[in-house]
Ligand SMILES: Cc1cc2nc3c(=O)[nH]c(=O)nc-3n(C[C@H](O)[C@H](O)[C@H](O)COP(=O)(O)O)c2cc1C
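Next up is one chain by itself, shown in structure tokens, the form predicted alone.
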Amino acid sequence: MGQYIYKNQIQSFSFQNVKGFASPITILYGGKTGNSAFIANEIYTEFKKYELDPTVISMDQYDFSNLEDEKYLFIVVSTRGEGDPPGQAKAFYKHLFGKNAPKLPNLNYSVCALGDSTYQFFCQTGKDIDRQLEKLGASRYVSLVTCDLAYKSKSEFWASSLLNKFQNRLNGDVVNLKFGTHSLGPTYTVNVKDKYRLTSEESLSEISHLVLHTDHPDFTYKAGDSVSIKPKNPYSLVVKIMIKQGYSHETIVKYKGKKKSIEELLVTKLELTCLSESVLCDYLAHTNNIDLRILCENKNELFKYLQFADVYDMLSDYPSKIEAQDLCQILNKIKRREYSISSSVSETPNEVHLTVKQFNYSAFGRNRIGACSSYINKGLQEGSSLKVQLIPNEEFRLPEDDLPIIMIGAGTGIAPFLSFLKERKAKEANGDNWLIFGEKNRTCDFLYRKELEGFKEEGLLDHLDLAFSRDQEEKYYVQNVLKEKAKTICTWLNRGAHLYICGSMAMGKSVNKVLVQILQNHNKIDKEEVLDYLEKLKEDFRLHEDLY
């Protein structure tokens, strides 16, 4: 993200067409995917056209001592998991809510919060920062804006509001800023070299191992990184939507200035398997359905609906004969899906390996399948090509070669740890390695059994603890292993071990709860001290989480 940091010091400058003052603007950004940095960068570019010269800086590079002297502070920040600040924003967030946070009576501020409305704590970090700045005495310059997955139009509105207020354009000649196109980085074409199923046919889960080959000289990655893949929607879902709405193969719409068949758009361009609050609200504007309005106004019920509903549900539960042209304008662009890399570039430099679970579930009386998992597991064959983007994960990195690591993962959460182990083996690292892995059944779901047992036998893995939840009457999970190995966990942490957690958010929440308990009991300290200790581990980059 360093390319977005334009200045390290706050600079003063004069505003043109602004009555009676000359003060600096600082724009802070914090996120993981690069969306917040993109918005901050675009604001910088647009403001420069109007002779405003803001300082743009990542939140993790910001000098807190400047906060009391700021005049205009505009913040673009995303939210992780269950309302947590992203890595870039953690230190700033902690300082703002800390005991030494300064009073800010001279500060004018505004926050643009990025999030995903399918998560319960939608835009929580931005909302928290907005309220806290107000509590510290700062004045809200422009109201908080919360952006869903399709963030561009709302963030453009926010930036335009800031600029128009600076330029006294509350009436009359109002500027409507338009941002450029955001790319997460180069796209690489890779070929499927091999694909095979990891779980047995008797397993309740279908999990595949995918070997992708590329000879592009710039394609390289680090252990802990991911790749994103643009999926194709299940054709069965596309057909159901087309029949429901009366669209045909010949139905043509205009999309981004070009004529396209609605069928092609539904398959390759538009998000169908997930809904967002913004899509429902836009659909409501077309239908004015009373029941849908009630749902949108009840945040708890709305969140529950968004967890499982897809576009077909929306059209069935709140029917409207919406034209194909209008529907394609309402729906979000299809999301790229991220998969942790399970290989090491040191071992296989021209390959990237993925661990992909087929996503199947039933909701509202209908069976569903995941868009990307189906595309990969059902649609791709050996020799198929696809395009991927590399997603660096600086918050999930291996430590120095001589430091011990504890890896806790369930299901496909094993993927980055396989990458870690292969990387340490290739580099002949001296650090001790401990893996705690959980799945359903040993006989059906022991992912990478041969490799892991081989690592244990050759001494690469010092400890391999397994938790198969359904092999006995009472469920047994990775958190049960933690309880049994509490003393050893604490001993390793005292040795400077790095602790990694990868898997579902529910698993991560349970693991963290048990960690608090065992640290509290082992060290004979209260819960607050344990929480401070875990927070310190995060600040020291010794506690790493990759939850989904």
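We number the residues from 1 along the sequence you see. Computed from a predicted model, the values in this text were never measured in an experiment.
What follows is about the form predicted together with the named molecule, which we do not show.
Among heavy atoms of L149, some come within 4.5 Å of the named molecule in the predicted bound form. Although the partner is absent here, P54 lies well away from the named molecule in the predicted bound form, with no heavy atom inside 4.5 Å. Remark: L114 counts among the residues lining the named molecule in the predicted bound form, judged by a heavy atom distance of 4.5 Å or less. Proximity of G81 to the named molecule in the predicted bound form falls within the 4.5 Å heavy atom cutoff. You can rule out all but one of 117 to 125, 210 to 218, 159 to 167, 132 to 140: in the predicted bound form, only 117 to 125 has residues with a heavy atom within 4.5 Å of the named molecule. Checking E395, D465, D313, E338 for any heavy atom within 4.5 Å of the named molecule in the predicted bound form turns up a single hit: E338. Taking the named molecule as it sits in the predicted bound form, the stretch 525 to 548 comes within 4.5 angstroms of it through a non-hydrogen atom at just one residue, L547.
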